[in-house]
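First comes one chain, alone, set out as structure tokens in the form predicted alone.
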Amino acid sequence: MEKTSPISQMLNDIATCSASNDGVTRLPFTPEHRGAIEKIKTWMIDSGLKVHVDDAGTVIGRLEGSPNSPTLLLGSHQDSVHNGGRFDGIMGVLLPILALRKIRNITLPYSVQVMAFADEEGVRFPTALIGPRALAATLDMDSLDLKDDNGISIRDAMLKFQLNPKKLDKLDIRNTPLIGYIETHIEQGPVLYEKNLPLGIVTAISGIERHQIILKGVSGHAGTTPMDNRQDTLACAAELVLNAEKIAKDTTDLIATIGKFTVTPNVVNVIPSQVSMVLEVRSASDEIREIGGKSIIKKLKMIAAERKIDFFSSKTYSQQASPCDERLKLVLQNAISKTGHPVFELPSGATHDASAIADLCPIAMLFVRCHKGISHTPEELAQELDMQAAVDSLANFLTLLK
């Protein structure tokens, strides 16, 4: 039988903290979250860190530097999507801990804090990033009233988890001297895999905007209404999807997706009278994203008018891009070079905890190759050698950072 490598073995172990047997299902403030906390605390303690859990459910392991020294933040999230993979988030908690373990006999000129955030995925509740937002003092306290599918509010879930949501505003560390935040994460895309590279340095986390679009036409009997006398909203929606895709393909560094539909009346023999859908636009450049979003909406509105379909749209969400810090990127470049691996840079199309920490301090991200770019499924895979390369690079980073 093939022996499991050390890093993979640790990730396999914490993957047992799951509500499902198919992949990993670990949502915030659940028994599975509690089990993960205990394993993460053991990792941290074994690496010489002092550990506590804050009132956002973040596990924090701290290595104290000299008095009044600034702090370097590292970490990622412990939670998963439903039936997700073993690497997303949690790998970025483990690898910096192992990097600190590797250099534990070296005295660093600064303090280090490794953090395992409770909720990045936003799966259980209709919000996310509670932990990093609390640190950056950008958390909307009204969001604690939001409820999961079982009617349990974030506030009640935290109280049941023996946390004190009234103290979340006390987690603000804006007045703490901080060097920056480094997040290690699987790429969740195919770029590194296709280029046969183990590691990548993130240039920026893409900004996101979402538009709610409603199309209104006319219902009719599917068998008796002539094809040239229809105001079919679903046929219109299909054309809009293809045009949004074309504009994004023709625009450098722009991504557009229409992935959510509600069709009315959604009956096999009735022409759809209404379609509600969501357009999502992403780019590492806010300018490209904003111009691209306006261009797509303008084109979609024009197509709907040609089909005599009423078109309504409203922007429901907007998040600015988060560029990574040039100084931290340079240290990462030197750290990777010392391992003998090529230095490669790429943007992140996905949002991460780092996007919320960007309101607090400079950020940087290290991507680890993900097999075929597959993520958020049980097939998600990062190779042991790639993860070890990340540990070595992080250890180099910690010793190179001044």
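Everything numeric here is computed off the predicted structure, so don't read it as measured data. One-based numbering along the sequence shown. Rigid core here is just the name for the largest C-alpha set that superposes within 1.5 Å across the two forms.
The following text describes the form predicted in complex with a further copy of the same chain, which does not appear among the structures shown.
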Please check if residue 216 has a heavy atom lying within 4.5 Å of any heavy atom of a further copy of the same chain in the predicted complex. no
Even though the partner isn't displayed, in the predicted complex is residue 225 close enough to a further copy of the same chain, meaning a heavy atom within 4.5 Å? yes
Contact flag, residue 272 vs a further copy of the same chain in the predicted complex, heavy atom cut 4.5 Å: yes
Taking a further copy of the same chain as it sits in the predicted complex, is residue 350 near enough to touch it, meaning that at least one heavy atom pair lies within 4.5 angstroms? yes
The stretch from 328-336, 226-234, 161-169, 197-205 that lies within 4.5 Å of a further copy of the same chain in the predicted complex, judged by heavy atoms, is 226-234
Given a further copy of the same chain in the predicted complex, answer whether the residues 189, 256 and 266 all have a heavy atom inside 4.5 Å of it. yes
Checking 136, 241, 81, 103 against a further copy of the same chain in the predicted complex, the residue with a non-hydrogen atom inside 4.5 angstroms turns out to be 241
Looking at 310, 280, 286, 156 here, can you tell me which has any non-hydrogen atom within 4.5 angstroms of a further copy of the same chain in the predicted complex? 280
Verify the C-alpha shift of residue 142 between the shown form and the other one: is it 2 Å or more after superposing the core? no
Fitting the rigid core first, would the Cα of residue 193 be found 2 Å or more away between the shown form and the other one? no
Yes/no, residue 221 Cα shift of 2 Å or more between the shown form and the other one with rigid core fixed: yes
